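This document starts with one chain, in the form predicted alone, laid out as C-alpha cells.
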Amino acid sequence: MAQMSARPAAISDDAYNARLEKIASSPEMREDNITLPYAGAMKLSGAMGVVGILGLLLVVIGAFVYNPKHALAAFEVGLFTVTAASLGSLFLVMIWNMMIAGWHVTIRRHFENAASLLPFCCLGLGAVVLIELWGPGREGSGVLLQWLYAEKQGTFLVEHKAGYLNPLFLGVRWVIYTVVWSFLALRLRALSREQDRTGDRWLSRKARFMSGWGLLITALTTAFAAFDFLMSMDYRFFSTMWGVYFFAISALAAVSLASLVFAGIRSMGRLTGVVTDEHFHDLGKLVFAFTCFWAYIAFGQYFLIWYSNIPEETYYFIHRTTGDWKPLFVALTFAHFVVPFVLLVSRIPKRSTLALGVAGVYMLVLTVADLVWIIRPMVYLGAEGAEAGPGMMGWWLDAAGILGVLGIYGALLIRQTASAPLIPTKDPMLHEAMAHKNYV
C-alpha cells in the first residue's frame, strides 16, 4: 500500500503571498486605520492606572476602618470581574482557532490582548491566597474562606473535605492555574503577533493544535478555580453546576468587554472597513446568546437546589434572596436577563456601534453585580448589631475595590491594544473577515 502523503495546502505559497500583498495594499489596511495613536493611548492608560492605584489604596484604608473581610471582598469582586473577562476571551480565541472560521479574524486580536492579562489576574489571585493563609483573619488564618477558620477545624464537613480544602493543596492549585492560563494566553498571542511579522500561515495550525488540548485543560482549571475561590467561601455549600455557571459569567463578560472596546475604537475613526456593522452584528449575537446561556444556567442551578431542598445548598440561596440582599436578587433576575433579551432580540441594536457599546457597558455592570451577589453576602454572614457592618455607608469601599482593579486592568489592556496592530494583518483567513456578510 502506498504511503499516504501529507495533506497539501489549499493554495500555493505564491498564490498565498499574492493574496497577502493584495490585502496589504487595500485602503483599509493603512496604518492610521489599524493602529491606535500611541501617545494618546498612553495618556488614557496612565489616567486609568491612577484611578486604579487610588482605588486600591482606599481598599487598604478600608481594611483598617471597617474590617479586612469587607476590603478583601471588594477587591475580589473587581478581581473576578476581570479574571472572568480574560478567561472568557481565552476560551473564545481557542474556540475560533478550532473552528477555522473566517469572520472573527478582525476582532480576534482584542480577545488575545484581554486573555494576555491573565498573568495579572493570577497575581491578584496569589495575593488572595496569601491574605487568606497568613492575613489578619480569625486567629491568623481565613478571611473569606470559612474552612480556614480555626474554630471550624474539627467540624464534620471541614474534616470530610480536608483532602481537597487544605492550605497546601490550595497553593498548589493556584500555581497550576497560573502556569496553564499564562502559558496558553501568552503563547497564542505570541503566535498571532509572530504571524504579523513573518506571514507564516502554518502558525495558524500551531495555534489550532494548542487550542485543541488547551480548551479541555482551561475548562477544567476554570471550574476548579471557581470552586476554590468562590464556592468554597461557604464550605457547606456545593453545586455541580458552579463551574459552568462561572463559565457563563466569563463568556458574557468577554463579549461585553469586546463590544465596549470596539465601540470606542470605531468612535475614534479606526478599523473603518475592517470591523464593520456585520462584525458588530455577530458580536451582538454573542452578547445575546451568552445572556440567554447565563439565565439558563442560573435558573437551572437555582431550580435544582430549590427542588432537592438540601439544607447545605438551600441556605446559600436563602441568605441571598431574603433580607438586605433580596433587592439585588430581584434586580439581577430582570436586569440581567429580561431587559437585555428584549433589547437585543432585534437585529437593529446589534448593528449599531453606539447601541452595542452601551449594551457592553450595561452587561459589564451586571457582571459586577452578579459577583457582588456571590461574594459580598459572605462578609457579615451571621453578624449582628455593630458587627453587622457599616450598611450603606460602606459601599464606598466596594466601589473603591471594583474601580481599583478595573482601573489597573483597563490601563494594561490599553497598553496591550496600542502595542501592536488592532487586527492580525497576515492571518490566512483575513480576506474572509474583511468580506464578511450576515444573512440572518
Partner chain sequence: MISPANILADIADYMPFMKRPAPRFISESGNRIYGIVAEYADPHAVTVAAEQFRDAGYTRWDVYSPFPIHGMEGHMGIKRTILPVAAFGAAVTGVLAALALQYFTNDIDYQFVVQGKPTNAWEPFIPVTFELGVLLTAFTCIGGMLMLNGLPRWNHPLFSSERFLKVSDDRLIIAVEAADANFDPDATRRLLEESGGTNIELIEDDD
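Residue numbers count along the first chain shown, from 1. Only a predicted model underlies this, so the values are computations on that prediction, with no experimental measurement involved.
Note that the form predicted in complex with its partner chain isn't included here; everything after this is about it.
Stretch-level contact analysis of 307-315, 213-221, 80-88, 106-114 against its partner chain in the predicted bound form, using heavy atoms and a 4.5 Å limit, identifies 307-315. Using a 4.5 angstroms heavy atom cutoff to its partner chain in the predicted bound form, none of 134, 174 and 241 count as contacting.
The single contact residue among 202, 169, 303, 209, judged by any heavy atom lying within 4.5 Å of its partner chain in the predicted bound form, is 303. For the candidate set 164, 329, 183, 227, a heavy atom within 4.5 Å of its partner chain in the predicted bound form is found for exactly one residue, namely 329. Residue contact with its partner chain in the predicted bound form: residue 160 places no heavy atom within 4.5 Å of it.
Residue contact with its partner chain in the predicted bound form: residue 345 places a heavy atom within 4.5 Å of it.
Shown here without its partner chain, the chain has 439, 440 in 416-440 lying with a heavy atom within 4.5 Å of that partner in the predicted bound form.
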